[in-house]
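Only one chain is shown below, in structure tokens, and it's the form predicted on its own.
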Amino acid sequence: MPLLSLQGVTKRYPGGVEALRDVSFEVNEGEFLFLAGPSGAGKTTLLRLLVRLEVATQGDILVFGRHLQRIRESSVPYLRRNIGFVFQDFRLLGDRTVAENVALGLHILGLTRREIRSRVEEALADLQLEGLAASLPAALSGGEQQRVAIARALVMHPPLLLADEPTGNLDWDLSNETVRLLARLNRRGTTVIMATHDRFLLREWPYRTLWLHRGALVEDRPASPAPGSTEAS
């Protein structure tokens, strides 16, 4: 069974605007997938559907074998605990330190202080942020803030990680480094879906790519034999 599946998914907003139109595809466990297309193609809407921040107008979405159209509201928080989400605008809390931002979700899970400290230290070390644990977001560069946002998702140990244009505000070097970090997580077993409109990244990292245009899936391009030619080992 695939990790997630969309069948005939349409999302229509009030006024008749169709953000997605009859979209169908499957993603297997352990895949790295780009969701590509210009601004307004429907990438963000699709990611929001996968964490049930939006509900499809038509069609069926299965994530971890659960039908999101039928899932009880009381089960949605549990679903989201198993999905990491990295936003384009980072969404870090300005009055919390790096370590506190990364630990937020763990407090919600009710882990012990020792478990939280251990996981946060592990995530910060993984993303080379140990020296910034006590810093506030305003003191960080754009690339450092992005790594904190990834660490906040990573610390939850999610089997599925969604990243919505995580390189949209970064230069080429930082964009490439961000994908390299996500690729490393993927090699450890996390399924990654990353939305992007950056064609340079798509050429540099030839993973499977779904192309959206005006809400329709127009191409499902398979990965090349050796994706991520610039990956660090």
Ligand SMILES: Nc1ncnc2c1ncn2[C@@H]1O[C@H](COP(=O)(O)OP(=O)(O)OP(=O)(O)O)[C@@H](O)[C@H]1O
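The structure displayed is predicted, hence computed values, not measured ones. Note that residue numbering follows the sequence shown and begins at 1.
The following text describes the form predicted in complex with the ligand, which does not appear among the structures shown.
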Taking 13, 19 and 43 as a possible spot, do all three reach the ligand in the model of the complex with a heavy atom inside 4.5 Å? yes
Using heavy atoms and a 4.5 Å limit, would one call residue 189 a contact residue for the ligand in the model of the complex? no
At the 4.5 Å heavy atom threshold, is residue 38 in contact with the ligand in the model of the complex? yes
Can you tell me whether residue 198 touches the ligand? I mean in the model of the complex, with a 4.5 angstroms heavy atom cut-off. no
Indicate whether residue 177 is a 4.5 Å heavy atom neighbour of the ligand in the model of the complex. no
Choose one stretch from 60 to 68, 199 to 207, 25 to 33, 43 to 51: the one whose residues place a heavy atom within 4.5 angstroms of the ligand in the model of the complex. 43 to 51
